[in-house]
Every structure is written in structure tokens, then in C-alpha cells.
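Take a look at this single chain in C-alpha cells; it is the form predicted on its own.
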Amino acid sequence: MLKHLFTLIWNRKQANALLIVEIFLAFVVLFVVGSLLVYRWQNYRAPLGFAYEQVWAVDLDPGIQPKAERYATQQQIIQRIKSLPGVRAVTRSGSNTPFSNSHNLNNTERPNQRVLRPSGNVYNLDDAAGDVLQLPLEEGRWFDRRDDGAPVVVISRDMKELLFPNETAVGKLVVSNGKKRIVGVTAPFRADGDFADPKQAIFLRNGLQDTTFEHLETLLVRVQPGAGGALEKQISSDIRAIGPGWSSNITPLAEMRDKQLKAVLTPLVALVITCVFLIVNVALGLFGVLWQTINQRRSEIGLRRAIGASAGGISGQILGEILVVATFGLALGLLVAAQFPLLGVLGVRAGVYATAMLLAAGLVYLLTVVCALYPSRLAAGIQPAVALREE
């Protein structure tokens, strides 16, 4: 049966070439769009590695206050915010807060080991950050008073796997602006948002000895559930009262997350709409070509019916032919798709490409079958006497 189908397809190779090209293009489009969607979906389902609800980012602007006085004013502001009803914890941070699209990259290495590795994100936080962001620890502990005077860091699981694969990281030294001892390992930390890959992260402790303001001008404040505009207004008023000339901008991390989601989803939705439009055009093209093919083969089909072929057999033959043609188009598409992981075209994981290939192949077969159903039924309904008389 299969040999017979190949023979029929080969005899109509010029007409089938158009179908093969259409199916090839449809597969490539579905594969590329599918790779991006699968990549985003897998990231979206992964934990962020921190809790953003009820956390506000307070960006401080000291105005024209002399630099030497800014740290002391900031400490007064922190103590005042901590004392407010509805506030649970406050930590100092750099501008690279979660969902801010801001990065502070630096090389982190093992002592006496010079290996080219991707830069990691550096986060400056203090002892309260564990409560503010509720970072889940997989090894060791978060900073506390036991670390006063000692250079310590906490690293993410991604950083640990990069520097200490198959080893315990806690207690070992890393070089990041000087040697520091690791006291804990967190789960993957995805500060770039729900759709982003986790990146290597290292958390530097802002100890009592760090009295600078410039790189720690942002406060992260964990508030009680239900805290809203009244508390936000109180914090802004207190900041202006403590630091004349100071101003602040308070943004809940949940609001920053929503803005980031919209920024990522908008081009994805536009891409999906464009893909659907292209696939509908391909489907209409397939349908038209198949319809024309059936009309051109009425005498052949009528002759087969006259010598005893059943309606189901004719319908199965048409479906079988188009599925074989679709397989040729998919084979070409898979050859092209296989180059994507080899060349790292989209920069996603190899498993994403494999999943996208399976989804695209399944959708192409489904599309082909749907487009071939009606023409195959028309072919099955051809009466041999009518077809032979027309011939």
C-alpha cells in the first residue's frame, strides 16, 4: 500500500512539490513560534525563588544633601519605617531589585582558578532580606549577626552548580570583589521575572561596616497584607520630614511584575496572531490545491470505483497520499529545525527545541488531515458512471 502511494505521489511530483513547500514553511513557522512559547511557558511555571507579594520598593533621592550625611539620614528613615504599623521588615538594596530590569553583573570565581564563566548578578542585601524576600535556602543559612566583621556571601543554586558542581558550597571561598566565605545556597533566583531564565546570583552582605549610600539607595519593605495607600502616604511624608529635600518613589513589586508581564506578553501575542494568520493562509492553500487535485483526478477515481474500490478505500487513499506528502515536507522542516539547537539560534534549552518539534509536527499533521477531510469525502462520493461519461 505504501509503495503504491509513493508511486502515485512520484507520478504527480510537480503538483505535490507545492504542497511540500507549503507544509515545510508551515512547520518552520510553527517550530520557531512554538520554541518561544514553550520556553516562556516552562519559565512561567518555575518558582521565582522569592516572594514579591506585600513587598514595596522605595527608591530614595537625597536631592542636594551632602554625601557624607546621606547614610545617617537613610538610617533614620529605615528606623522610622520599621516603627510604622503595618511594616514587617526593611532591607537596603541596590537598584537591581526584582522586576526592575536592572542588573549588576560581576565575575565570581573560585580562588586560584581562572576559568571564563558567564557573569553573575550581584545583589547587595542585609540580614533582613531573608524576611523581606523570603528566599528559600537549600543549604546553610542567611546572613545574621554571627557574620559581623567577616566577608560572607550567599549564592544561588545556579552559581553553586557553576562553581562547585557535585560539591558542597557552604564553607568554601569565592572571589567577588575579594575573597568571601559562602554561608548559604538559595533556590534559583529569577529577579528578571516570570518568563526569564534563572541566572547565577550572589548576595553580598551589607554589614554594619558598609556606611555608603550611593549603591544602596533603594529600600525593600515587607508590609502586612492589606496595607495600601495610607501606609504609602505615611512613608512618603516621614521621608520628607526626616530628610528635607529628599523625595521617594514607592512601587509595589506586584505592580512592577504586572508591567513586566505586559511588556513580555505583548510581542508574544502579536507573534501568535501573525502565526495564526499565516497558518490559516497555508490551510486555505492546502485545501484549494487538494480540491483542484481531486477534480483533475475524477476519471482516475471513477475508474477505480468502477473496478471495485470502495468509498472508504478512495477516501483512505487520498488521506494516505497527503500524509505521505506532509511527511516529505516535515522531513525538510526537521532538517532545518535541527540546526537551531546546534547553532543556538534562539538561545533556549535543547529540550525546548525537541518539544517544539513534536508540537509543530503534530499540528502540521492535524492541519493536513483537517484540510484533506472534505476533498477526500468528495473523492469518495464520485460516481464511476458519471466520471467515466465525463471522461
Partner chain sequence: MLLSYLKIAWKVLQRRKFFTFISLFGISFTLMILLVVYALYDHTVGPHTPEKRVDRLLFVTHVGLWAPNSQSNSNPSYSFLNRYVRPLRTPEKVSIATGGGYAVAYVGNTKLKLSQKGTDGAFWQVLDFDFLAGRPYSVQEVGTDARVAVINESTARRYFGAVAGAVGRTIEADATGYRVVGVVRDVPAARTLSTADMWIPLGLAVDVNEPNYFGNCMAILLAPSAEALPAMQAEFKQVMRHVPVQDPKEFTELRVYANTLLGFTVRELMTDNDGPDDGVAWFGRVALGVALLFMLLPALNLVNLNVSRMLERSSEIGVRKAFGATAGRLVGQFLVENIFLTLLGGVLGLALAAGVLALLNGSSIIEHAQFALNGRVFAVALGAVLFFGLLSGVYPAYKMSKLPAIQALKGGTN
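Positions refer to the first chain, counted from 1. These numbers come from a predicted model, not from an experiment.
The same protein also has a form predicted together with its partner chain, omitted here; what follows describes it.
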Of Q209, Q296, Q113, Q79, the one that lies within 4.5 Å of its partner chain in the model of the complex (heavy atoms): Q296
Which one, V280, A72, A254, V269, lies within 4.5 Å of its partner chain in the model of the complex by heavy atoms? V280
Here the chain appears without its partner; judged in the model of the complex, the stretch of 336-344, 26-34, 361-369, 41-49 with heavy atoms within 4.5 Å of its partner chain is 26-34
Heavy atoms within 4.5 Å of its partner chain in the model of the complex: does L284 have any? yes
At the 4.5 Å heavy atom threshold, is G288 in contact with its partner chain in the model of the complex? yes
Interface membership of E217, its partner chain in the model of the complex, 4.5 Å heavy atom rule: no
Non-hydrogen atom contact R240 with its partner chain in the model of the complex at 4.5 angstroms: yes
Taking heavy atoms and a 4.5 Å limit, what residues of 214-245 are near its partner chain in the model of the complex? E232, K233, S236, R240
